[in-house]
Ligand SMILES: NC(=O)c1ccc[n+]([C@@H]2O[C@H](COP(=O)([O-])OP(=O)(O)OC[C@H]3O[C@@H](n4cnc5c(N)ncnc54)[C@H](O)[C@@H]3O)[C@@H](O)[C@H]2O)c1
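First comes one chain, alone, set out as structure tokens in the form predicted alone.
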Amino acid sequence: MFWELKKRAYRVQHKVMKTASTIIPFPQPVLLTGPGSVKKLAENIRIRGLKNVLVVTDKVLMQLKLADGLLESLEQNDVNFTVFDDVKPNPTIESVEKGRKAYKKNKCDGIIGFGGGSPIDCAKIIGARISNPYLSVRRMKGLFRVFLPIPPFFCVPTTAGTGSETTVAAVITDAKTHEKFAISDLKLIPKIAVLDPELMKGLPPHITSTTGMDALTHAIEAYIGLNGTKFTDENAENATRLIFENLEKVYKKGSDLKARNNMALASFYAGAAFTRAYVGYVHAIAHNMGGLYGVPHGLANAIILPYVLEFCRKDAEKKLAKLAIAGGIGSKSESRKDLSYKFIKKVKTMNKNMKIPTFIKELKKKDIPLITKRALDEAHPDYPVPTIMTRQECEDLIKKLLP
């Protein structure tokens, strides 16, 4: 009886959140797209009157000299810059604080997030801390807790996956507790996002695959959840179609700029969908795999996604069937049940074709109760999932991920 009352309370909150998402004006970043578009960003920054920006990235991207085009164009436009590259694959509160000190020490007046989701998320929270010095990172956890606007913020994604360049969310890890959590606020959406496929053509196949499956997870969870709107559904459908058509192409041939560009757009569309319609249990569980074991977020999502889809297939059958048709893998003449199974099979086949495992090798049985608790604490009541999990159901699902 108590559980039924809790589920009803969750659904009431979901309805309130859906109504709010249709009323609240979500800002959209200005898009710079196409090969070489990263070099256009500096001119836009100069026109805005900025003199000194903090470029937040990671050491691997700096070693690969991927940021050279951006940095050269900043110099050509007389915009000074400081590079902060101390960002880990799962960024920590410590990285944020180091970045904040670098911003203040060098008297910066804007921020560029350059890289995958980790540098971009770290850059967002650095901005939030700069404008809100009396709020700790932990105090900003959750929805709409960033009080003051962040400094002018720009994003240059180098992977087609997180969609962080258009979302309200930033994910961070507390290294002391190994807890990974999200900060979500409209103030974290960047002014400009650059989608330049040339920055992505050198990505290794395993990063291409897992970041692409991250984008697919965003699209699917936004679509099958209860808070979708016409806008989010259209974006999720477009993202799914583009990913089905292009991800395995770029996995096999990373230099295919047309397919890379399509994947960049897919990531952006998926981000636009989930930032308004939210995600679900795949993300709640994956965040904890990242926090506890350092499992890359896209890889965790890719592995967990089929299991969660099988769990909620019956309740999500109608939506999965529609998404199968939108993704070009089914027709209206087929039954919803068959289409929903076909969709899940497609996800599994893509994982298999791109050598993504069916288990998480780092997972330890003794940690499952803690992972379950943290995952459900994150998901309930905020995520409008099609089927609400009990603690036992969540534990049983996570056990399937054991090596």
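Heads up: residue numbers just count along the shown sequence, starting at 1. The structure presented is a predicted model; accordingly, all values stated were derived computationally and were not measured.
Below, we turn to the form predicted in complex with the named molecule, even though it does not appear here.
- Contacting member of 195, 171, 146, 111, with respect to the named molecule in the predicted bound form [4.5 Å, heavy atom]: It is 171 that has a heavy atom within 4.5 Å of the partner.
- Note which of 119, 127, 99, 280 lies within 4.5 Å of the named molecule in the predicted bound form, where distance is taken over heavy atoms; exactly one does. Exactly one residue meets the criterion: 119.
- Thinking of 276, 313 and 328 as one candidate spot, does the named molecule come within 4.5 Å of a heavy atom in every one of them in the predicted bound form? Heavy-atom distance to the named molecule in the predicted bound form: none of the three under 4.5 Å.
- Looking in the predicted bound form, any heavy atom of residue 202 within 4.5 Å of the named molecule? Heavy-atom contact with the named molecule at 4.5 Å: present for residue 202.
- residue 214, heavy atom within 4.5 angstroms of the named molecule in the predicted bound form: Yes - in the predicted bound form, heavy atoms of residue 214 and the named molecule come within 4.5 Å of each other.
- Heavy atom of residue 207 within 4.5 Å of the named molecule in the predicted bound form: Contact check for residue 207: yes, within 4.5 Å of the named molecule in the predicted bound form.
- Query: For residue 297, is any heavy atom within 4.5 Å of the named molecule in the predicted bound form, or not?
  - Reply: Judged by the heavy-atom cut-off of 4.5 Å, residue 297 is in contact with the named molecule in the predicted bound form.
- Item | Option from 37-45, 52-60, 23-31, 352-360 whose residues, in the predicted bound form, bring a heavy atom within 4.5 Å of the named molecule | This holds for exactly one stretch, 52-60.
- Query: Counting only heavy atoms, which residues in 218-252 are within 4.5 Å of the named molecule in the predicted bound form?
  - Reply: Heavy-atom contacts to the named molecule in the predicted bound form: only 218.
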